[in-house]
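So this first bit is one chain, no partners, the form predicted alone, shown in structure tokens.
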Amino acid sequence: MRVAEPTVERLVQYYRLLGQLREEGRLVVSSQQMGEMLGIKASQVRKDLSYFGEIGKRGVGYHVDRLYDHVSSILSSPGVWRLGLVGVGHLGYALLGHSAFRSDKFRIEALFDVDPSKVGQVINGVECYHLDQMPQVAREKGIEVLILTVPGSSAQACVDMAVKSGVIRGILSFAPTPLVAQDDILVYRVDISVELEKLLFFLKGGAGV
């Protein structure tokens, strides 16, 4: 089933919200309530969930535990994804300690940097290797996904090295520059400056102002 990227993003939001509701002991939630909490139209919530075969009862809503398990099964990984993080600077270190990276779906197996003071060290429980070792370490540890928190001038070289590994399937880049990889490697960019510009644009009232 081919799923549009915005739909996947909303599913992740539903999953997080349902997890919070479970912790609060909530038993039932309606599409209207979910929409209000997430800033999404109730009709969109219903459409997204029915698309995957989960239909709540009209006038009753969704059973929180059941829906949580259902969305979890949709987002579930085939196993535990092994990740590598390239660039242990301020952003890399912050991501390494972020709660989002404590998950049963993936595990950071190795860090890569060129700073002699970091190479060979264990940082937040993960060993740091020299960037030149990335292809070999990726193969040895079965790393399939890389997170890049390096300067834009270094990002493409990291991608080229990932290609050499022969095992990297996906790259999440925080570098503010376009990247080129072969077709069998999926590259996603998180450009913080673009997101900030979008926010400021809409804060000032959009194109009509």
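Here the structure is a predicted model, which means the values were calculated and not measured. The first residue of the sequence shown is number 1, and the count goes up from there.
One more form of this protein, predicted in complex with a further copy of the same chain, exists but is not displayed; see below.
Consider L172 of the chain shown here, and say whether it contacts a further copy of the same chain in the model of the complex, taking contact as heavy atoms within 4.5 Å.
-> Contact with a further copy of the same chain, yes.
Considering only heavy atoms, tell me if L91 and a further copy of the same chain come within 4.5 Å of each other in the model of the complex.
-> L91: yes, in contact with a further copy of the same chain in the model of the complex.
Spell out, yes or no, whether the shortest heavy atom distance between L83 and a further copy of the same chain in the model of the complex is within 4.5 Å.
-> Taking the distances in the model of the complex, the answer for L83 is yes, it comes within 4.5 Å of a further copy of the same chain.
Please run the contact check for P178 against a further copy of the same chain in the model of the complex: heavy atoms, 4.5 angstroms, yes or no?
-> P178: contacts a further copy of the same chain in the model of the complex.
Pick the stretch from 157-165, 60-68, 35-43, 22-30 whose residues have a heavy atom within 4.5 Å of a further copy of the same chain in the model of the complex.
-> The contacting stretch is 35-43.
Counting only non-hydrogen atoms and a 4.5 Å cut-off, give the residues of 5-19 close to a further copy of the same chain in the model of the complex.
-> The stretch touches the partner through E5, V8, E9, V12, Q13, R16.
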